[in-house]
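We begin with a single chain expressed as structure tokens, specifically the form predicted alone.
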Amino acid sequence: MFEVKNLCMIYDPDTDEKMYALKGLDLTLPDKGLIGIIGPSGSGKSTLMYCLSTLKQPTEGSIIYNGTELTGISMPEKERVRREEFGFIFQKHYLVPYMGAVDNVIVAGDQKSRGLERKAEELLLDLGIKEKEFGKKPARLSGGQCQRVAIARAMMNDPRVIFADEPTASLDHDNAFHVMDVLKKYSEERLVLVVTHDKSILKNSDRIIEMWDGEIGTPENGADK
């Protein structure tokens, strides 16, 4: 699904001392599966996810998604791909403050489709949100509940790829493992990329990519492209 070649992200490229977030990275990702991306702060793991999802434009290199070179398409086309193909889970939930839980999930769905409310409710129930909380606005939900609503929103449109940046950071361990079970099930037919510093939540992942200083690998084994 993804083929990445010589991917570089350089901050302040016009300065003498260039800061590399990604250094000539090569990577191939499948059509489905749960893939963990792990590494210390500043290792480039979030930058990699943002480049793959078209939220950031790399300085150099190629990202091919299902035969399309993502780095070369227009901004409207990138927006279309994100809307129709990708789902996003961020560390912050970014819920609409004046909407209830169900409506916050529905907003991400195809508004021409039928049964949006029922589908949203089923997703929330799967993630442990009870019926009595369906109409509550974010201010009346806990941080963990808000995050689970955001995860349901990311799954609402059945995206082919879910990009999850620290999706369990605001959850206790029980809910974190439950959420990862839901994402694992989703990944049986689609691709789920999880960026995290917590390796324990990746125990059922199909692959773990370790990053260090903008490269794939660890300080012990060096880059492993």
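Residues carry their position along the shown sequence, with the first being 1. Everything numeric here is computed off the predicted structure, so don't read it as measured data.
Keep in mind that the form predicted together with a small molecule is missing from the display, and what follows is about it.
Contact annotation: the small molecule lies within 4.5 Å of heavy atoms from the stretch 35-43 in the predicted bound form, the single such stretch among 35-43, 174-182, 66-74, 156-164. His197 belongs to the set of residues with a heavy atom inside 4.5 Å of the small molecule in the predicted bound form. Taking non-hydrogen atoms only, Thr47 approaches the small molecule to within 4.5 angstroms in the predicted bound form. Within 4.5 Å of any heavy atom of the small molecule in the predicted bound form lies no heavy atom of Leu25.
Among heavy atoms of Ala21, some come within 4.5 Å of the small molecule in the predicted bound form.
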